[in-house]
Every structure is written in C-alpha cells, then in structure tokens.
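Only one chain comes next, encoded as structure tokens, the form predicted alone.
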C-alpha cells in the first residue's frame, strides 16, 4: 500500500538529498536539526529574495507567480487551516464556511466572503473574545456592503498580511522570529516611499515581454483613484507581499506545522500528503495545476486572471480561521 503511494521518482530525489546533506555537513547540520534556527533563516532569506526580485523583475513575479505557485499554495491553505486541525470533520462548520466561500468565488459581492468570518466566530466559545470578534466582523461586513469595489481591492492587498499573522500565531516562538514580519512590513514601507523606484527603472522591470501584460494593467487592476506614482508603488508592494505570502504557505507554515522537527524526505512528504488528501483529490489538484500552467504557456494574462477568480475564496478562509484562532485558540 505504501509503495503504491510513493512513486519511484522519490528514490533518486532522496538519494540526491542525502548526498547534498552529507557534502554540506557540518555547515548545514545545525539548520537541519534545529527547526527554530532553520525557520528563522528560511524566513529572512524568503523576505530578502522577494524584495530583491520585486526590484529586478516585478512584472514577471506578478504574471508568473500565481500561475506557477498559486494552486500549490491553495492546497497548503486548505491543508494547514482545515485538514490538519480536523475541521473537515465538523460537517456543520464546513457547510457554514463553504456556502459563502463558494458564493464569493462564483462572483458574489465580498460581503458574502465576510459572512464566513461570522460562521467561524460563532463556532467558538462564548467569551469577550467572541464578542470582540463579532463586532469586528460586523464592521468589516458593513464596509464590504457599502464600498464593495474598494473593499475588494483593499482585501486583495491586505490578505497577504493575514498569512504572516497566521504563521506567527501558529505556535509559541522565540523573539528572533519577530525579524521575519518586521522585515516584511519594513520592506513594504520602503517600497511605498519609493525605495525601489530607481532599481525597477534601471532594470527595466516595468516591462516583461512575452507575458501579454504590462505594468499599467496591474496598476489599473490593483489600485483605484490613486496618484499614478503612488499607485505604481502600491502594486510593487503587493508584488513583494504576494511573494512573501507564497513563501509562508509553501515553506514556513509547513515547516512549523510538522510534528517532526527535522525536514522530511521527499518520499515521506508525499506519503503525508496522500494521507491528508487521498490520491483522487491530489490527482484533481495536480490536473488543475498542470492545466493552469498549460493555459499560461498559451495565454499567460488570461490564465492568471482565471486563477485569481478561482482563488477568491482563500483570503476569506484565512481571515475566518484567523478569527476562529482568536476566539478559540490555535490548534494543538
């Protein structure tokens, strides 16, 4: 049974991994054995690389990032927010969350997405935290109802920060881990005051031939009514934080949520994934990822927009689970 769930491709991959670890020891041994240190340096490196790439090739990140990393990051979203804590076994909670999330993904106004927050808060114990969360959700719903388009844009930007908060709240941390959100917020602030403008201009990062997109398209999509200079910086900040967001879901949160302190082998990672989702569900996800990539190879801009419509639910899911953690406490 285990062999059928572990394709032979993992044998050479794990052999190469073992050879690399032997060759790099003892330099990498402390990072391999000590999760706290490994997560710190992986997080810092992820933020710095995201900042560097935002300066060198922001349009490429905006165009390619969702098509290449989008579906795996959605899988991680569902895995660590729903499956790992066992929420998928709570049928009433899943129905309560699922209906508004499906509705908003199908094109319903953003206030429907906010309704999922009420469901998540209601599932927690009665306390001052629940009352405070209900009050916050009510304010959020009223804003989403009254200013639907502006709220949608603001939420697209703001949900990138939610992943950082979820990661930081996932478990008790050493104070040194505070450098990761500090660098992310500091990098965003630096971009907003124009710190990357000269670099992007010098590198020609405003253009990405062959993507079928231009920077003006992203500015029009991700900003509304702002001064052109500020609008361009807001898009650069979104590009940077989106890259950090992907790093959180694809590297840092998996590392922190794993019971084993040392990294798994490729084979063990595959088996854990099969155990969480099952082969049929993974086949569907793989087909979706491959199909999106193939679509992107033909028409990148359209594929990216298609992914963004598909992914509408995940920001509200993150917000709902964050509210649940606030009311009920993070999962064990």
Partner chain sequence: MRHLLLVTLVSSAALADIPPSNASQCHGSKPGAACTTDDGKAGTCLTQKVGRLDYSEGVPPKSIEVDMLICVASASARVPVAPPYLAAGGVVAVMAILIGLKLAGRGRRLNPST
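Positions refer to the first chain, counted from 1. On a predicted model such as this, the values are computed, not experimentally measured, just so you know.
One more form of this protein should be noted, the form predicted in complex with its partner chain, which is absent from this view; the next part is about it.
Engineer: Though its partner chain is not shown, can you say which of 284, 44, 28, 56 has a heavy atom within 4.5 Å of it in the predicted complex?
Structural biologist: Of the candidates 284, 44, 28, 56, 284 is the one lying within 4.5 Å of its partner chain in the predicted complex.
Engineer: I need to confirm a contact call. Of 192, 83, 142, 257, which residue comes within 4.5 Å of its partner chain in the predicted complex, counting heavy atoms only?
Structural biologist: If I apply the 4.5 Å criterion carefully, the residue I get is 83.
Engineer: Given that the partner is absent here, state which listed stretch (257-265, 221-229, 184-192, 154-162) has heavy atoms within 4.5 Å of its partner chain in the predicted complex.
Structural biologist: The contacting stretch is 221-229.
Engineer: Even though the partner isn't displayed, in the predicted complex is residue 9 close enough to its partner chain, meaning a heavy atom within 4.5 Å?
Structural biologist: No, residue 9 is distant from the partner.
Engineer: Although the partner isn't part of this model, could you tell me whether residue 13 comes within 4.5 Å of its partner chain in the predicted complex, counting any heavy atom of the residue?
Structural biologist: No.
Engineer: Would residue 169 show up as a contact with its partner chain in the predicted complex if we use heavy atoms at 4.5 Å?
Structural biologist: Judged by the heavy-atom cut-off of 4.5 Å, residue 169 is well away from its partner chain in the predicted complex.
Engineer: With a cut-off of 4.5 Å between heavy atoms, is residue 107 one of the residues that contacts its partner chain in the predicted complex?
Structural biologist: The answer is yes: residue 107 has a heavy atom within 4.5 Å of its partner chain.
Engineer: Counting only non-hydrogen atoms and a 4.5 Å cut-off, give the residues of 68-104 close to its partner chain in the predicted complex.
Structural biologist: Residues within 4.5 Å: 83, 88, 89, 102.
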